[in-house]
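Have a look below at one chain only, the form predicted on its own, in structure tokens format.
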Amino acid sequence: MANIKFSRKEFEKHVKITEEIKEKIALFGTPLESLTTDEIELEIFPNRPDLLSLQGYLRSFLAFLGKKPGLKKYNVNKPDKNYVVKIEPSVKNIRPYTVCAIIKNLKFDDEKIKEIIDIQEKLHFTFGRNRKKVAIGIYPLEKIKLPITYKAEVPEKIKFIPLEMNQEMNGRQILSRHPTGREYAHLLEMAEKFPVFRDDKGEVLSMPPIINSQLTGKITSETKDVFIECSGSDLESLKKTLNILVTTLADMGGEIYAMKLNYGDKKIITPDLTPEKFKIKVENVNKLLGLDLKERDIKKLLARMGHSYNKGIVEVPAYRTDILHEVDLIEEIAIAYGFDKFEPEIPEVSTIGKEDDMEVKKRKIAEILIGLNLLEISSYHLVTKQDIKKTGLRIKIIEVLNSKTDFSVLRPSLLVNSLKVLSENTDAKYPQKLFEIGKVFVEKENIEENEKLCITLSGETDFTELKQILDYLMRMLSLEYKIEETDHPSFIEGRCGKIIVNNKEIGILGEISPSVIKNWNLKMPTVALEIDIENL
């Protein structure tokens, strides 16, 4: 969650703050934290990064109030001849993606510059996962010669004057000497090459995700046109971030221009503000909310949340990151309808509450492992086909229909997710000791769900420590077990065993094979076990 502060004067140019409006702000899902004669402070939940700017908040809140309902459309001008960014293959293993845009005819003053810096940092901290997932750069276009190149270079060859400094430094020096460089050094310090944006004259724009150049990366009140780039590891997240930024600047009076991105043979144009389309059924809305809404009511309520509706199809703004499914749109309808209007009902059934036996077992196992200084993780049920391939598993996959992302396969093993978490945290301190309790999915006559436990240890640890953890867990659960040698594609041959309890195989443990470690770009030896806790 993030708290944002807006100028009360600027806010009240659009909405006068009364007691009724205070209630509306709360019902909109953005609790009012404080209100002074100069400022209004609101709490924004992580699922709505589009509300982190005054422009973004007012756009959605005015629609909610019914003053400016419906889908707001923005014009994106076609890219000019030199509006090109070349992405070289050298960034593939560092920060492989970037999306870019140009905004023209802006009128900056000190207040607007502060607003831009604020939303940039709020997006970095929340949606961007503290710059690890998304990093943003905004540059004065008049100081840049297009086209632009995004590539990776040896850090000693990246030389420029970083923001708020007057001395030239190379990439390594920035990580050790610049305050921002020291703060985010962990994102690059293990890399052999650092990503860098250069213009057509070879001038450095920035070294993402660390710092911009003082020469080409600082906007002032004289700036009229800006170049925006977002870099990171997830292309869809970058596109959403760029859409949030360009629509914010457009609401400040700017004009949006697209850019051509050349990924070798693949070429894309950003930003793309085409609304996403979702299907919704009136009967599903009423069944879930317990209401009796007509189609015209749903159309009106969706318009108050900034969407458009026509014959069962909802168009969602391209800057919304939180709409993934029909149920998310039903929640939007509930917000617009007003949670204060729902009447609570006592169900006409008599029940006695009791904690599920499986939940008791899971909680006890978790408490034991936390007591051994293991860190609990919780990951998604969906993985990618590539994730399964990296883990060495040769199994029949269960694929979901109409997935909007590459995450289209129900996980067959918790080990897949655990290795993914390790691969995304190679910059964290070692040893890393993780466990997860969750469902996996296998297809037999039907699709079956099984509760499993996975423990992974990486770094200054070995098989002996893993077995000691298993010994302690089984002792605390009053169970006896034995290990018999076996083979498994994820583990080293001869260093893998199946776990037997009451003459029944319940799991496997061993040392992860070098090929799997290489596939996941892990930096340390790793051991793991996975057991079926339903059979304990």
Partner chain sequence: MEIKEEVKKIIETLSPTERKVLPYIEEKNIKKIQEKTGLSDVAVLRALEFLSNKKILRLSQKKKKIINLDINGLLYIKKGLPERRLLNLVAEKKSVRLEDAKNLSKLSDNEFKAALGALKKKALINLVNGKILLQASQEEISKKSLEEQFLEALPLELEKLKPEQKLAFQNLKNRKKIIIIEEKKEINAELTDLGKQILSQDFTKIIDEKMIERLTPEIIKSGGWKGKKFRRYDITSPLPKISGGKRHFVNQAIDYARKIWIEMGFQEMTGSLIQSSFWNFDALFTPQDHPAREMQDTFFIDKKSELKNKEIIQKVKEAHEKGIGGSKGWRYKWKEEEARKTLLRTHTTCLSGQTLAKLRNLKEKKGKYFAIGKCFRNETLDWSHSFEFNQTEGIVIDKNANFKHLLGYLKEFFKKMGFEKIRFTPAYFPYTEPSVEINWWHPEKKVWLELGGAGIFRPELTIPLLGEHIPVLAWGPGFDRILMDYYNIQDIRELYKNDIKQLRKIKFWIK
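Residue numbers count along the first chain shown, from 1. None of these values were measured; they are calculated from a predicted model.
There is another form of the same protein, the form predicted together with the partner chain; it is not shown, and what comes next is about it.
Asks: From the candidate stretches 283-291, 75-83, 96-104, 167-175, select the single one in contact with the partner chain in the predicted bound form, where contact means a heavy atom within 4.5 Å.
Replies: Within 4.5 Å of the partner lies stretch 283-291.
Asks: Between 109, 192, 265, 359, only one gets a heavy atom within 4.5 angstroms of the partner chain in the predicted bound form; which residue is that?
Replies: Filtering the options by heavy-atom distance leaves 359.
Asks: Give me the residue from 153, 297, 115, 331 that has a heavy atom within 4.5 Å of the partner chain in the predicted bound form.
Replies: Only one listed residue qualifies here, and that residue is 331.
Asks: Just checking whether residue 431 would be counted as a contact of the partner chain in the predicted bound form - the rule being heavy atoms within 4.5 angstroms.
Replies: Heavy-atom contact with the partner chain at 4.5 Å: present for residue 431.
Asks: Under a 4.5 Å heavy atom criterion, is residue 463 part of the interface with the partner chain in the predicted bound form?
Replies: Contact check for residue 463: no, nothing within 4.5 Å of the partner chain in the predicted bound form.
Asks: Would residue 187 sit within 4.5 Å of the partner chain in the predicted bound form, counting heavy atoms only?
Replies: The answer is no: residue 187 has no heavy atom within 4.5 Å of the partner chain.
Asks: Please check if residue 257 has a heavy atom lying within 4.5 Å of any heavy atom of the partner chain in the predicted bound form.
Replies: Although the partner chain is absent here, residue 257 would stay clear of it in the predicted bound form, with no heavy atoms inside 4.5 Å.
Asks: Within 127-164, which residues come within 4.5 Å of the partner chain in the predicted bound form, counting heavy atoms only?
Replies: In sequence order, 129, 133 come within 4.5 Å of the partner.
Asks: Compared with this form, is the residue 419-residue 208 Cα separation smaller or larger in the predicted bound form, the difference being 3 Å or more?
Replies: Farther, not closer.
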